[in-house]
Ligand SMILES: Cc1cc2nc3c(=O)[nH]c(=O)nc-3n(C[C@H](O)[C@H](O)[C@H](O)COP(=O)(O)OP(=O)(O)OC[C@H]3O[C@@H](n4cnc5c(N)ncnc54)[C@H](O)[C@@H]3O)c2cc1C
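The chain below stands alone, shown as structure tokens; this is the form predicted alone.
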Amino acid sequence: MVVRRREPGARARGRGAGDPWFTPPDAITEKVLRWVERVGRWGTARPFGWPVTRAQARSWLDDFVGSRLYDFGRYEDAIRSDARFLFHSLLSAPLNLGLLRPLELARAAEDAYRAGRVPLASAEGFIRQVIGWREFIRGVYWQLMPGLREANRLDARRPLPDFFWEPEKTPMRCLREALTSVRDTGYTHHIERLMVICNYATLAGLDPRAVSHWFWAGFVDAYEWVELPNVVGMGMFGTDAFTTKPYVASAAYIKRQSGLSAKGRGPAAAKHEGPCARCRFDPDRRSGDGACPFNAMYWDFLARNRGWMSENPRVRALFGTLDRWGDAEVAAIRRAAEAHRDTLVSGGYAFAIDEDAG
């Protein structure tokens, strides 16, 4: 990873997203990296550029506020194949390590807004994620433990598919790119965590505890207090203690966040697009050859859980769509969902986490 120095206030616009200030490892970090490479069983230790000191973390904060916060609000939910980091801060790792303080981040964003350097949507969106959601999740963890570890409201029991460890084994491009990013960098941003990885895990019926352990093992910013409520609670609806509906979506959502427009699909459209543009699956098809598995699994999920979900005013209207399609089309969709789940192979990887050790 290359250190990129910029003048204070220099913005990333015109140069493209995904240009954070990575920090070369110092002597102590190099020693740790060599140890990790000896004992590690999955993932990669290098390249490594995360901040490990208070001074480095402050430099990352200054760099984000000066160069990427301006565009954060507009693009925070976007998914791009050609920009892994977009305009995100990448500050969750030093923040969760204690190298930065939540209020420190919030005030830095507020100061930039009051000085007229960033728009309100970017400052507010960033502050809300830090002291709105992150600090709320800290309270949720302590309120719901220890039962949160076993929460499984949907009674999902399927083990993790092997492609969580070897992303090349899934043909679904959005999922493959997100899982590859975790394996190779220990990071993906929040939409890929929630609406690609956890969305897929929920629709496929994966065990929430197993998914939680994978997040804990794979992400550079993961501690149980922050990943467990986000994964099991919000991401997979293992409990309804603080979320009002499952956060599930069809391929239409991922297509929209990928920036795929009327230009269509294929190499020409994919030059600066998200994963849907070059995926072998069509995000507009629900069943049949080439249909995106997200679509069939999404509508199958609604059909399977219609009893209790139809009582929820936030999702009730969706069942009218199912009814308009008719029994034959719904049956075809459900067969397609089951056929996809039948392709999932598990058992090639085994790992254990001592949940009380940390």
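Residue indices: 1-based, along the sequence shown. Only a predicted model underlies this, so the values are computations on that prediction, with no experimental measurement involved.
One more form of this protein exists, namely the form predicted together with this ligand; it is left out here, but the text below deals with it.
Looking at 231-239, 174-182, 274-282, 158-166, the stretch with residues near this ligand in the predicted complex, meaning non-hydrogen atoms within 4.5 angstroms, turns out to be 231-239. Between this ligand and the residues 90, 148, 108, 204, the one pair within 4.5 Å by heavy atoms in the predicted complex involves 90. Distance criterion of 4.5 Å from any heavy atom to this ligand in the predicted complex singles out 226 from the list 99, 112, 226, 248. Shown alone here, residue 130 lies within 4.5 Å of this ligand in the predicted complex, counting heavy atoms only. Within this chain, residue 126 lines the site of this ligand in the predicted complex, having a heavy atom no more than 4.5 Å away. Of the heavy atoms in residue 200, none are within 4.5 Å of this ligand in the predicted complex. Within 4.5 Å of some heavy atom of this ligand in the predicted complex lies at least one heavy atom of residue 188. Relative to this ligand in the predicted complex, residues 154, 319 and 336 are all farther than 4.5 Å at every heavy atom. In the predicted complex, this ligand lies beyond 4.5 angstroms of every heavy atom of every residue of 28-58.
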